[in-house]
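Just the one chain here, laid out as structure tokens, in the form predicted alone.
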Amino acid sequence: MECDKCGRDAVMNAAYSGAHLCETHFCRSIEKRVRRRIREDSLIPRDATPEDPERWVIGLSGGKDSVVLTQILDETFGNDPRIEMLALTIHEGIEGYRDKSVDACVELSESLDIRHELVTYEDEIGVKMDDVAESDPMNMAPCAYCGVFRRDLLERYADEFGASKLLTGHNLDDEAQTAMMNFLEGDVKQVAKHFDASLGSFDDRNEQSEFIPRAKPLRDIPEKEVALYAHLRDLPAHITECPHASEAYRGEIQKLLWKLEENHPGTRHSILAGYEELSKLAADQYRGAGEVTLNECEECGSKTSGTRCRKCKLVDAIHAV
């Protein structure tokens, strides 16, 4: 199988596009698509200047997605005086898993000479995910606790660092799964919120001043292509699944999409493209409807609709065991 561009041996065949690409042209293709997404999402505002630069915080976990995102962002904007970047790693307290990921984060950050910060659940909220998974006081999947804690710390530290935007490594598979889950749950208002929170162009969003805007520059790239890019570029990615991962519903959706993609190449791209367009229409329709006033959590200061945030309630339940 030969590369469509140069005739050298191809390393991948994209069934959804029919493309056959060698190592060089495959890597260029990934980088081109990510940079196109950055342009189309208007990540860099027109008024960004070296005197008033954008500050991007990158959620760097050490997995393939965040490592690839950080590498491409640094190669694209590392010398751009309008952009300041900081890589933020969160250690959940998962023995034998996150330690290796942190090593990958440190190695990458040092090789790119990018500022890197590490925060831990144990230091910040007094828990370790290994202990939480074992006690499970709320009878939930470990991912349910971890998602709340991670979002809180990402938001808190992005705010502390004065971030203009928070960038995460969600790929096409991640976002197509989320789209399907939101459709099947029938929560149109949640679909609308998803658009303003992390989808579409910043020119079209109604950003909430209480939260740091999020962006997902890898969301056009299939998961397997992200992994192949990390391998071909010899990036220090820690590619393994969290031992506590147990999102059963998302797993079902993942398998369904794999089957659909196998039988109908391009399904994931179509789902996400349609979802983004529909979510924009939903956002235009539902903005302001049923909005609640956000308060500061009386315990930690995080934004919440009540008096105490979800994170603090979960931490209290964990410590009560």
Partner chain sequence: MDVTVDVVGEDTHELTVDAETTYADLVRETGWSPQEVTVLVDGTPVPEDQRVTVDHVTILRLIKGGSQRA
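The structure displayed is predicted, hence computed values, not measured ones. Numbering follows the first chain given and starts at 1.
A second form of this protein, the form predicted in complex with its partner chain, is not displayed here; the remarks below concern that form.
- A heavy atom within 4.5 Å of its partner chain in the model of the complex is found for exactly one of 174, 107, 84, 131: 174.
- In summary, among the residues 111, 79, 201, 240, the only one with a non-hydrogen atom within 4.5 Å of its partner chain in the model of the complex is 240.
- Partner contacts here mean any heavy atom within 4.5 Å of its partner chain in the model of the complex, and among 185-193, 157-165, 132-140, 226-234 they occur only in 226-234.
- For the marked spot (52, 75 and 116), a heavy atom within 4.5 Å of its partner chain in the model of the complex is absent from each of the three residues.
- Taking the partner from the other structure, its partner chain in the model of the complex has a heavy atom within 4.5 Å of a heavy atom of residue 65.
- Using a 4.5 angstroms threshold between heavy atoms, residue 267 stays clear of its partner chain in the model of the complex.
- Proximity of residue 11 to its partner chain in the model of the complex falls within the 4.5 Å heavy atom cutoff.
- The closest non-hydrogen atom of residue 261 lies within 4.5 Å of its partner chain in the model of the complex.
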